[in-house]
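Presented as structure tokens, the chain that follows is alone, the form predicted alone.
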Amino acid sequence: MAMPLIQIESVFVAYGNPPRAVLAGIDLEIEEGSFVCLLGQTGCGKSTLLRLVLGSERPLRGRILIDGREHHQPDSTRGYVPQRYALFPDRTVLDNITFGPEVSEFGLAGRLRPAFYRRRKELRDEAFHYLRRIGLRESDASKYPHQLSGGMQQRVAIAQALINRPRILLMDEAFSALDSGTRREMQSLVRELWKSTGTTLLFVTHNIDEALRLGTRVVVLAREAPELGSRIAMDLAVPDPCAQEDIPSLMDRLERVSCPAEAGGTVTLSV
């Protein structure tokens, strides 16, 4: 049996002084090529878990394995699309897309080498390829972020991540700031890209409908009590594709998963 691409083993995370648990005893295995949505209330540790997989944070206890090995810092095998657009305002769309691989391959001083210009042309050709794949025109390449709509900026952020050809793509509430129409367009785009690239996707959301429409698996994080860290409250396989008639019953199952609010009582996950 093949080893899971991502193994999360007994992970515990706490912040503050005195420490307050955020994640407590997370065990999760994720197969290569799957699309996993992390669902839960704000503050339940979804983004923290994403950063642990990225390698930008480390757990106090437990470990994260990628291909059977621990990784203690981000690298090109894991792309990351944050909630707020991570575009450089003083760079064009084309330069935003190519900046990451240019710096990772050559650094700043390496830009003086003849090989840099050859590689830069290759990267720009690839960037135009991704521009077309994410639904932008070649004429958009010379625009600056302030000239783009929110949906267009998020498309560029996805191209930024994809140009490194990551095995794992991590998306943190990537569509939460978009209007409903643009959000549906972006959901369709990400599903198409996932199908065509075979990239393993971890997608953080607090929206049940979005999780069901995107993922092949929905993992719910929830706290049993305010003072305790979140655990996995549900791990639900989703049909691929998820038919419209299947959504109400699956949504009902997910809506039953709840966690205590800070002030007491029960708060169900948002729809």
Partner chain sequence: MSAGFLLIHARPGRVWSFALSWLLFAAGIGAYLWVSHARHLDNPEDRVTPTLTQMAKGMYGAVMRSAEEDEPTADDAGFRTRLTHSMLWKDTCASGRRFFYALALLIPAVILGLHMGLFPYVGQFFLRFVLFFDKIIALSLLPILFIAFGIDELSKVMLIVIGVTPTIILDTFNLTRGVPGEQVVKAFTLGAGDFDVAYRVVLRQIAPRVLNSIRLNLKAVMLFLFAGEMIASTDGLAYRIALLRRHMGMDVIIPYVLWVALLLFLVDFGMRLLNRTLHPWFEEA
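This structure is a prediction, so every number in the text was calculated from the model and none was measured. Positions refer to the first chain, counted from 1.
Just so it is clear, the following notes concern the form predicted together with the partner chain, a form of the same protein that is not shown.
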- Within 4.5 Å of the partner chain in the predicted bound form, all of G40, Q187 and N207 (non-hydrogen atom): no
Of S196, S142, S104, S180, the only residue with a heavy atom within 4.5 Å of the partner chain in the predicted bound form is S104
Query raised in the report: So, in the predicted bound form, is V238 in contact with the partner chain at a 4.5 angstroms heavy atom limit?
Result: no
- request: Answer yes if any heavy atom of Y85 is within 4.5 Å of a heavy atom of the partner chain in the predicted bound form; otherwise answer no.
  value: yes
Point to revise | Residue contact check: V36 to the partner chain in the predicted bound form, 4.5 Å heavy atom | key: no
Just to confirm, T200 within 4.5 Å of the partner chain in the predicted bound form by heavy atoms? no
Testing 187 to 195, 121 to 129, 134 to 142, 92 to 100 against the partner chain in the predicted bound form with a 4.5 Å heavy atom criterion leaves exactly one stretch, namely 92 to 100
Of the residues spanning 44 to 79, the ones with some heavy atom within 4.5 Å of the partner chain in the predicted bound form are L54, S56, Q73, P74, D75, S76, R78, G79
